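Coming up is one lone chain in structure tokens, specifically the form predicted alone.
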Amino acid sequence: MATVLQQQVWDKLKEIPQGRVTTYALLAEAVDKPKAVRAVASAVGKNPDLIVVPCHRVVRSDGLVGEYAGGQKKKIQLLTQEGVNIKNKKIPTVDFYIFDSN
């Protein structure tokens, strides 16, 4: 059973378009918990369905790819297949997806 925060995070993850990435901090803002970045990151890490809920599309605020349940190499592979620009395990910060504020 998921917590309310986990479900909110997983729902937001589904909004990230293929070929785009966001950060844990931007995701925390999107679920109205801007000071709960660590809790949001934990919710991302507990994603029960890596196929349906694209948690590989969340990266660190400094642009580094970060970790992934399937391993960092797999995360880079998935993002590259989606067309994300990655160089030295880093994504340009200008490419971060910003959630609509509805």
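Residues carry their position along the shown sequence, with the first being 1. In this text the structure is predicted, and so the values were computed from the model without any measurement.
Absent from the display: the form predicted in complex with the DNA. The rest refers to it.
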In the predicted bound form, does S61 have a heavy atom within 4.5 Å of the DNA?
yes
At 4.5 Å between heavy atoms, is K33 in contact with the DNA in the predicted bound form?
yes
Is T3 one of the residues lying within 4.5 Å of the DNA in the predicted bound form, judged by heavy atom distances?
yes
Does any heavy atom of S42 come within 4.5 Å of a heavy atom of the DNA in the predicted bound form?
yes
So in the predicted bound form, are A25, R38 and K46 all sitting within 4.5 Å of the DNA, heavy atoms only?
yes
